[in-house]
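Before any questions on binding or motion, here is one chain by itself as structure tokens, the form predicted alone.
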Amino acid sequence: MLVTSRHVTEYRAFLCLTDADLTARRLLDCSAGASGFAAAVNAAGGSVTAVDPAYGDLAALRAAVAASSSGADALIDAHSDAFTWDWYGSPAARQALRDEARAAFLADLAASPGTYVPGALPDLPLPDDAFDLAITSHLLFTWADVVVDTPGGSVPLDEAWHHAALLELLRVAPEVRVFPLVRQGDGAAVPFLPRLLDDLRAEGHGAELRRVAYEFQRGADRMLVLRRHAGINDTPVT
């Protein structure tokens, strides 16, 4: 999987984050990759902790960050019909955001290493209710059914893994937001998503699909909002 450098502006759009979210809530970004989100929000007085397995090997992380830009471009080129540039305006504008985010991340990683915690879903090294809001982008559902190598062996990111990962996020925060809800590259729907949401609701958690003011992959314009034991039902998406 790629280690990407997303910008705080992108986060605000695809996770519907308000000024109040960024200034008054304890936020977890998992898995954050090389995002500039924590650096930008913390510099403005907010509170973000970033978690990612890549933070366990900083030398390898820096090399992966350098390589990921070309990798992401190749993925987009291979599925060019599945993307729209309306939100960014142009490839150059998107690249400028990514370059700024990458520089902010690398500077903040050096200056505030405690912000960046090594860890991986579905077993985070964090206490219960450590955060008010957990956000995760371009991991869950994006890489559905991909098999990843971990120190403990190969792990399929299947329905069972997603269920465990979402419950873990609900353990550390009462609200979770997830974007996008389609697979990387071709933007295909994730077959087990409706069944997984039904299971979470049956366990007493709230699950809402909410349209966002962002679209890059065509059709990837919704996020999932979970609330622990809140009983939210799916609302119509318009």
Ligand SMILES: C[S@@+](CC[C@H](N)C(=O)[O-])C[C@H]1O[C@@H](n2cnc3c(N)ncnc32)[C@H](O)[C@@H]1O
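Residue numbers run from 1 along the displayed sequence. Bear in mind the structure is a predicted one, so any value in this text is a computation, not a measurement.
Beyond what is shown, the protein has a form predicted together with the ligand; the following relates to that form.
- Among Leu126, Ala144, Leu121, Leu133, the residue placing a heavy atom within 4.5 Å of the ligand in the predicted complex is Leu121.
- Shown alone, this chain has one stretch from 170-178, 194-202, 30-38, 208-216 that lies within 4.5 Å of the ligand in the predicted complex by heavy atoms: 30-38.
- Although the partner is absent here, Leu139 is a contact residue: one of its heavy atoms lies within 4.5 angstroms of the ligand in the predicted complex.
- Although the partner is absent here, Val8 lies well away from the ligand in the predicted complex, with no heavy atom inside 4.5 Å.
- In the predicted complex, the ligand stays beyond 4.5 Å of every heavy atom belonging to Val190.
- Using a 4.5 angstroms limit between non-hydrogen atoms, Gly185 is distant from the ligand in the predicted complex.
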